[in-house]
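First, one chain by itself: the form predicted alone, in structure tokens.
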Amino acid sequence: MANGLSVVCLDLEGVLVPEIWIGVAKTTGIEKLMLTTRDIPDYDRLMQGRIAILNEHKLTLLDIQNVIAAIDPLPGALDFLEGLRAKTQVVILSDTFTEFARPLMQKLRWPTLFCNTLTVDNANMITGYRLRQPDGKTKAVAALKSIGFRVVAAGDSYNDVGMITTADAGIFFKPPASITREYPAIPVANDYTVFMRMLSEKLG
């Protein structure tokens, strides 16, 4: 088992579960909802665009939650996560929302999750969102380091770069080629077996 002062911080979507908004796009047929932080690094611009699309098409929070309820973890993700939790402490750092995450956390057997919240009106329409704090992933890693943890962070997208570079060690998991070209110094794992081995090596 890794040192008790170590913790792994993982992104959620693209690492343990499919991209939620891609699932919504496929279910609704709204192609513009396919865009993620892999395509648009500016998270506020991305979310404001999503909210505008949902309102244009009269899609409620419940509509989105019904899509999410049918999403399963990525193949092998649960075994990977349980194996990792047997080695060290794990925290999921995500830009998703508590209103979306609950069924996914249940399927992953309730790992610790830090994420954000939505604002919803009386008609169950999503009107906005509240960040737990700006750049929350990076600040969570910095806070864990400040209280004595050795942190290894991993994600797949532009919004994970800050936490990966702030951590004591970091890994990309199945990132798009555009990101690996921009950040060639960050090692890459493309399957859970390699991912576990690399994390174990970095935990020491």
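All values reported here derive from a predicted model rather than from experimental measurement. In case it trips you up, residue 1 is the first one in the sequence shown, and so on.
The discussion below concerns the form predicted together with a further copy of the same chain, not included here.
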Practice item. Just give me the single entry in Met34, Ala52, Ala143, Ala69 that has a non-hydrogen atom within 4.5 angstroms of a further copy of the same chain in the predicted bound form. Key: Ala143
Exercise for review: Indicate whether the candidate residues Leu5, Arg132 and Gly148 are all in contact with a further copy of the same chain in the predicted bound form, with contact defined as any heavy atom within 4.5 Å.
Suggested key: yes
Point to revise | a further copy of the same chain contact at Arg85 in the predicted bound form, heavy atom, 4.5 Å | key: yes
Practice item. Spell out, yes or no, whether the shortest heavy atom distance between Met125 and a further copy of the same chain in the predicted bound form is within 4.5 Å. Key: no
Practice item. Answer yes if any heavy atom of Pro73 is within 4.5 Å of a heavy atom of a further copy of the same chain in the predicted bound form; otherwise answer no. Key: no
Check your understanding: Would Arg38 count as touching a further copy of the same chain in the predicted bound form under a 4.5 Å heavy atom rule?
Key -> no
Study note, to complete from the structure: Those residues of 160 to 197 with a non-hydrogen atom no more than 4.5 Å from a further copy of the same chain in the predicted bound form are none
